[in-house]
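For reference, the chain that follows is the form predicted alone, supplied as structure tokens.
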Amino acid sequence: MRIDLHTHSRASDGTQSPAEVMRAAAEAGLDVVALTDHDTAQGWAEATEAAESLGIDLVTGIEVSTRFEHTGVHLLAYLPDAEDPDLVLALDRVLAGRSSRVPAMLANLRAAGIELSEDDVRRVSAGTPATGRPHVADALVARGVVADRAEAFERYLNPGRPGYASRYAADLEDVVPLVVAAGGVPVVAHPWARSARPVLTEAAFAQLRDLGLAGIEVDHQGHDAAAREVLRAIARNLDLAVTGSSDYHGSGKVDHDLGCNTTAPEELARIRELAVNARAART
């Protein structure tokens, strides 16, 4: 069984519709795939219908933008109730932060001599509620300023670059128990792939486990073999689930092909059992 627990569609910053992601998953020989768009469940209904028609086992999820020790951390929330009022409120605040960030980035780019409008961003964002840096990057590509998203981030949109602007993100220590209370299962996404490695220590993971953290995304393209070995040991020491995934974004992210990393069936079974228990605890 081939299981990929982290993908994105045009509901956030992927380049394919949720149905197209499911078709691509089937073509890639996946049996189980999670749709985990940033800060929204908007793509779930379309993905569910497509997955059923294709014989794909869909795991619904959300990748929540959070902050821990003043550092950005992404949290995968698997199988939560997307209508849970507290979760909805938290996601609405994050999405509002995303929306307010775009004008700030455009103003910064304008100061650097690059004229880009909110209409330019809207044209490439396909109506997603989770507008962000990838869409500004796509607008820069469409205007011919850069060749692709990678160049846009490197030259203009990464921290320290002229178009970068910070935004609101929820506190990780608040979101972990919030996901559990919403009947979901929280797993830290690609913890050592970006800037969070210094703060996401084994002691930090232990603290988060005590708040309800269920797992670590170990097998990810952003982790080399050495990082994976250490993270797997941390997960073993703390009795946390280990997941693997592609972090697929369609053509929006290279070297993240569907199924390039996978999750063991027993780890998926563990996540599903935790979700059942979390749902039962709500009643």
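All residue numbers refer to positions in the sequence shown, first residue = 1. In this text, all values refer to a predicted model and were calculated from it rather than measured experimentally.
Keep in mind that the form predicted in complex with a small molecule is not shown, yet the notes after this line are about it.
- Contact between Lys253 and the small molecule in the predicted complex at 4.5 Å, heavy atoms? Answer yes; at least one heavy atom of Lys253 falls within 4.5 Å of the small molecule in the predicted complex.
- Is Arg228 one of the residues lying within 4.5 Å of the small molecule in the predicted complex, judged by heavy atom distances? Residue-level check for Arg228: no, no contact with the small molecule.
- Quick one: does Ala150 come within 4.5 Å of the small molecule in the predicted complex, counting heavy atoms only? The answer is yes: Ala150 has a heavy atom within 4.5 Å of the small molecule.
- Message: So in the predicted complex, is the small molecule close enough to Arg209 to count as touching (4.5 Å, heavy atoms)?
- Response: Close contact is absent here: in the predicted complex, Arg209 is far from the small molecule, nothing within 4.5 Å, heavy atoms only.
- Which one of these stretches, 245 to 253, 46 to 54, 230 to 238, 213 to 221, sits within 4.5 Å of the small molecule in the predicted complex when only heavy atoms are counted? Among the listed stretches, the partner-contacting one is 245 to 253.
- Item | in the predicted complex, the one of Pro191, Gly163, Pro134, Gly183 near the small molecule [non-hydrogen atom within 4.5 angstroms] | Looking at Pro191, Gly163, Pro134, Gly183 one by one, just Pro134 meets the 4.5 Å heavy-atom criterion.
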